[in-house]
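Okay, here we've got a single chain as structure tokens, the form predicted alone, with questions on binding and movement later.
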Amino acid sequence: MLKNDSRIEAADFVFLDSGCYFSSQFVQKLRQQPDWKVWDMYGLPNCDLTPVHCLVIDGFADQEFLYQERAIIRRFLDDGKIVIFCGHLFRDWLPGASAFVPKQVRSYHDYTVLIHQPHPIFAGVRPEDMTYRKGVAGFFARGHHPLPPLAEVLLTLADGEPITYIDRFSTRGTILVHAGNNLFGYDEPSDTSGRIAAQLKRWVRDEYGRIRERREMSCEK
């Protein structure tokens, strides 16, 4: 088990770290940013989530553990918070979400990423820069998760499979699901995909504010 470096204080973003080697560089970056906390995911049952606005979980997370602790995730969302999951779901721990469906590949064109509708998270990002990394397609997403009812689709693959969506209806909070690598990892200025991390962070803050406004208006009625 990792040492949990979290202190119970306000944190816009908390990354649940599984301790996987492949997340280690990302974790090192987060530790240098004041608005992020990195928590040992196995300490989740003992953590106070009250001051946390957004939980970020990547595809290396222990989904068997998250399934055991799915009630914590549900309570966090029903408190009007935000969960972002980037990866391939295979356990039923995230409300409204379904298991990952791998893409049946006939050619590299099947990995083409399309913007389904304009959204602030992907403003100014060229689809080609999401589709290809160093000239190779398939890093951004290799399949999809079937949509929950009323989900807002942001990105699709070439045949229309939704690879990135927002769900505001399965809980009282907001869930963003991306069927690929951690979107907060797209912060390099080498191409337009490097805009995603900052724009996603900005969207989370705006979304959290909108949720709070709705809850306050609901209480006033």
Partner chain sequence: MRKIAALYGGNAHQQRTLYESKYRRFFAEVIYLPALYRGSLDEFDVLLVPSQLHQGLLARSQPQIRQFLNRGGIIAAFGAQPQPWLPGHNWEFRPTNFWWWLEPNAKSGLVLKRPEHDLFRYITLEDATWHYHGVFWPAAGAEILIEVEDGGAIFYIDKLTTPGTLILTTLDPEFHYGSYFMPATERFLDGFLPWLAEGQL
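Positions refer to the first chain, counted from 1. What you see is a predicted model, and the numbers here were worked out from it, not measured in a lab.
This protein has a second form, the form predicted together with the partner chain, left out of what is shown; the following refers to that one.
Which of Val136, Leu150, Ala123, Ala99 has a heavy atom within 4.5 Å of the partner chain in the predicted bound form? Contact with the partner chain in the predicted bound form is made by Val136 alone.
Triple contact flag Gly19, Phe22 and His88 to the partner chain in the predicted bound form, non-hydrogen atom at 4.5 angstroms: Per the other structure, all of Gly19, Phe22 and His88 touch the partner chain.
Thinking of the partner chain in the predicted bound form, which stretch from 55 to 63, 190 to 198, 27 to 35, 168 to 176 has heavy atoms inside 4.5 Å of it? Looking at the other structure, the answer is 55 to 63.
Using a 4.5 angstroms cut-off on non-hydrogen atoms, would Asp40 count as touching the partner chain in the predicted bound form? The answer is yes: Asp40 has a heavy atom within 4.5 Å of the partner chain.
At 4.5 Å between heavy atoms, is Arg142 in contact with the partner chain in the predicted bound form? Although the partner chain is absent here, Arg142 would touch it in the predicted bound form, with heavy atoms inside 4.5 Å.
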